[in-house]
Each structure stands twice: as C-alpha cells, then as structure tokens.
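A single chain comes next, written as structure tokens; it is the form predicted alone.
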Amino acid sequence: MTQDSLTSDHPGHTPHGVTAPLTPMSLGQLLDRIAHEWETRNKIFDLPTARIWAPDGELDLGFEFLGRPCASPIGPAAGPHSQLAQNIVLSWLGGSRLFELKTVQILDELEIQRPCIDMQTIGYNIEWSQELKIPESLTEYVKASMLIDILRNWEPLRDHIGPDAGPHVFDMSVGYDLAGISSPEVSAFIRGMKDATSEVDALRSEIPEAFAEFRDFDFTTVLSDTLTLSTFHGCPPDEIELITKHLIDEHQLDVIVKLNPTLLGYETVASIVNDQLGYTDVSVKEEAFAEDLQFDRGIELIRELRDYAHERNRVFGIKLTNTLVVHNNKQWMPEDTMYLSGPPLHVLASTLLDKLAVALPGELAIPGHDGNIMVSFSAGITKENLADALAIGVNPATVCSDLLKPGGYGRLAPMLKALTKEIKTTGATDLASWRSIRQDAAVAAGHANVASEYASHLRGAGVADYHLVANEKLPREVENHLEMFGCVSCNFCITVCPNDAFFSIPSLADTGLDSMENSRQQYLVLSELCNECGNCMTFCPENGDPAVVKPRLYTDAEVFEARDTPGVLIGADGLRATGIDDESFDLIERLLASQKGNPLGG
C-alpha cells in the first residue's frame, strides 16, 4: 500500500482536515460496555481473555518507580494510549503497571491536523499533548483508576488476572513552559491527581446495577504524586530548571525530565539515521538542535536537579527520549514538521544512554553505576528488544509505536511472557537479580556495564534489526474497495485503534449479512471515540478509510446533531440516522438487534 493510495481513494476522508474533538464515554457507559461484552463475547473492550496478563507466581517482575512499587516494568508512554479511560484499562489488562499519562498543557483546545499518525513503516506523528480540556483529562484518569480498582476486585476476572494483579502507578505528564504549568488550570489538575476524592465521589452514582457492589468501594484517591516533565523540542535549559524546581517545591512531586535525542548532536544523529541505519529519505531537522538543550549543559542540569531534589527529600530521574524532529518529506500528514519514533529512535536513545553513562560515572540508577538518578525509557520498544532494554536498568520501558501495529493492546501480554521466559532461563527469580546476572556477563565480556554492551551491539550485529531493510515492508493490501458491510475481516481496525473506537458484531443469519462474501464479522465505529488519526486506514488491507466507510454510531445526541457526516444515533427511544440510505439503516438496525439492541449494554 503506497502513501499515494492512502491519500487519494478514500471517500469521505479529508487528509488535511481537522476532526471534531473526542467525546469520552461516561463511567456508567464504560461499565455497561464491560458487562455486556463479557456476557456476550467474554471480552473487555474487545480484548480477548487470551491477551489478559496474569503474573507468573514463580517470578517477580516488579520494580520501584521513584520509590513506588510497580508489578511489571512496562506500560504505555505518554501518547494516544494513555489519554482515555478505556485506553488505560486495556493497557492494564495487557500487563502494564506503569502508566505515563498523556501530557497535559494549558493550551487545551488544539486543532491537530489529520491524519496525525503514520505507522506505515517505522513511525511518525504530529501529535503533542492532550485532545481534551484539562478538567476532562482529570476526569478520564479518575475513571480509569476507578475501573482498574473495580476490575482487580471483580470476581469474573479473577481467573484471568490471578489472585494478585500487583500494584500500578499513574505518572502524570505536563508541559511545556513554566507559565502554563504554574497556571491555575494546570495547578488544579495536579492537585486533583494528588487528591481525587471529590471526583471519585461525584462518579459513584454512575456505577450501574451490574457493578452495584462497588458503589461504596474504597477507591484510590491519590491517583498520582509523580510527574514526567515533557520538555519537547525547544524548551530552554533555564526553563527546564525552573519548571522542575516549581514542581518539587509547589507540589511536592518526584520528577522525571524527559530528554531529547538532539543531545547527541546533529552530526551524530544524522549519521546514525541516514548512514548507519540507511534511512536516506529521513531529513533530520538541523535547526531543532540549536534550539534544544546541549549535552554539556544537560549534564550540569541533571546533576543540579538531582541534588536539588535530594536536599528536599524528593527523587529525580531522566527519561530517554522524546521523538526526533524531522522534515515532513512524505507529505501524507499535514504540517511541515513531523516526529520520528520506532526502530531508529531506539538506536538513538540507547546511544544517548551510553553517552550519559560515561559522562555521569556512578551516578545513574543502572547496573554498574548504582547511583540515584532513575532512568526510564521509551523508544521503539518491542517484544524482541524489551529484555535487552530492561537489562540496562531502565525503570520502566514504556511503549507507544508497537501498540499502533496490528494486535494493538494485545501485544503487551506476549511481551511480558517473552520477558518472563528470558529471565527464568537464567535461574533468576526477580528482575533485580536477573539484571545482576546480565551486568556480570557484560563486564566479563569486557564492557563497563550493560548499557555499554547494548550500545556496542546496536552499532555492530544488532544494527540489522533497526536498518531500513528490516523495516521498509509495507502493510499488506488486497484489490478490494472497502464497503460499509463486508470486508476481509482482518480485525486490524479494532486492534490498531488507540482509542478502542471500533468493535465488531458477528454476521449472524438474522442480520441478513451472513451470506455476504468475506463477512464473518461486521465492523462499526463509535464516532465519539474516533479522532480520525489515520492508523486504521494505514493498516486496512482494502482500499478505503474504515473510520469513514464503516457504520458510525453515536451515543451523544448533541455530538450527533453537531456533526454533518453520515451516522446513527443510539438513543433511549431507538435509532435515528442521518445520511444513511434505508437499506443500510435496516442492516445496521438488525446488527444492533442481534446484540440486544445496544452493543454497549445498559
């Protein structure tokens, strides 16, 4: 599938348009949907039970995140998978226990151009912060926390998550300047995350009858007291310093500062991306390097902020890395600039960690250093490299690009199972002892530490996995034109959607669709959850945009009335359609009737 085909032949899709804002589902709707899906399909938000992670009783994958216990060392990075409540729940079911929540900033009415995600090969995006109003973001995270509290205590799920799902941590993320972060709006968000009692109590009345036992439950109210500062690109070092000190002093938070790959310098980055890895079509944006934090100043800043936090009994850490600013030569997404992620970023971030380890001897909280500067990591993490990344000592390794590939949230549990298998082969019974084994092996092989060994591996034999040749294969395609009903039933639109906006209904005989060719399932879109990011269109094998072509359902009458696109409103008094022909409306009505009239339950 070429990018030209993606931009030209998708009826109803406007590649350079701006979509309507997301409309989150209420807590009651989400719980109704959980109950309904479990009863009818034994799934939760379309995740099958085979992809729900249960800890291995013989192995402890836990670690400490800024002193807080986490039962697994992976989770979603701040991005599309940590914005809505159902996203976070899906990640938790898959085994995530550290959630870097979507970055919140004072500008909360952004007009992000669409499409905004390009995962055709390695990964690019033009997103940057939350798509919700600041109070909505707080409510989403409270709903997510309450849902996790409910599910970890819900008897029907006990056999699938085990007797103890283990502790998790919500890590706030904010950006991008002191004025915005110290504003009353963002300050209120941070205070609300530290004490969500009023939000929790306000939501209790929404808990439906199927979960009535939890209406008086002792829900978590301290949602988060840690924060990762997104410096993004162009944030001056003095601003980073002032913001971090403000967060420590004003909000008593333990803080991580996310660093940029530009710390390596333009020549090094361009050499790695263009020459070493072969991505000659990637144009690294040189001017971005002059605007970003420079390496020597970065070392000074890391030490200064570590000491500042320690003097105030707080903990400081760093995260590697933000995405890389590149010129938008592809022009599938709008904007002049886009942000590179995936395999090349993994090599850049690992190289940067090795350089930092040399410049900060004994100061990082990684094997071979045993310092007090915690390091977390987010750059092209996959099932194949997770063990090597964690062996370095990063806490945790967060994921984004890989979850945007087919399988989506279902890719998390296999990551943890592969990690478990890797660790158990060494005889280790916990993450810490396994890291010690890996460190001893690295030193025996002549390396200073595992970080140095891994960077050397990536420069040598390991480079092949991250080279263009290994990552240029395009998504598969078939010569079919996507239609409202009937398709190859690949399920990709469901699994690659970060917002869980798609769902499927079996093509049963009484729907009148069972005789259609290639129609084992019919796919529908929950329009309020679709932000037309473009990811389903990238991976759909047929020629068309599923987010536009497939039946679009609404549950909010105001949103339905405000949109001028074809769709069907699911209301208390039945269905109402606009822009849908009678035959198609009849088929949609039959499909929904086969699900007791409402695929969301309630």
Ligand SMILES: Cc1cc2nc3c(=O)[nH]c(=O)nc-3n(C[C@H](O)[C@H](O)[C@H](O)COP(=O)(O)O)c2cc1C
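One rule holds for the numbers: they count along the sequence shown, beginning at 1. Worth saying up front: this structure is predicted, and the values here are computed from it rather than measured.
There is also a form predicted together with the named molecule; it is not shown, and the following applies to it.
message: Quick check on this chain: which one of Ile117, Ile366, Ala309, Leu93 has a heavy atom within 4.5 Å of the named molecule in the predicted complex?
response: It is Ile117.
Of Gly408, Pro73, Gly380, Gly317, the one that lies within 4.5 Å of the named molecule in the predicted complex (heavy atoms): Contact residue from the list: Gly380.
query: Would Val257 sit within 4.5 Å of the named molecule in the predicted complex, counting heavy atoms only?
result: So Val257 does not count as contacting the named molecule.
field: Contact label in the predicted complex: Tyr176 to the named molecule, heavy atom within 4.5 Å
entry: Flag for Tyr176 set to yes.
- request: Considering only heavy atoms, tell me if Trp128 and the named molecule come within 4.5 Å of each other in the predicted complex.
  value: Yes, Trp128 is a contact residue.
message: in the predicted complex, does Gly79 come within 4.5 Å of the named molecule, counting heavy atoms only?
response: Yes.
query: Do heavy atoms from each of Gly62, Asn385 and Thr420 fall within 4.5 Å of the named molecule in the predicted complex?
result: Spot residues vs the named molecule: no contact at all.
query: Residues in which of 271-279, 309-317, 479-487, 118-126 have heavy atoms within 4.5 Å of the named molecule in the predicted complex?
result: Contact criterion met by 118-126 only.
Residues of 323-346 having any heavy atom within 4.5 Å of the named molecule in the predicted complex, listed in sequence order: Heavy-atom contacts to the named molecule in the predicted complex: Thr323, Ser341, Gly342, Leu345.
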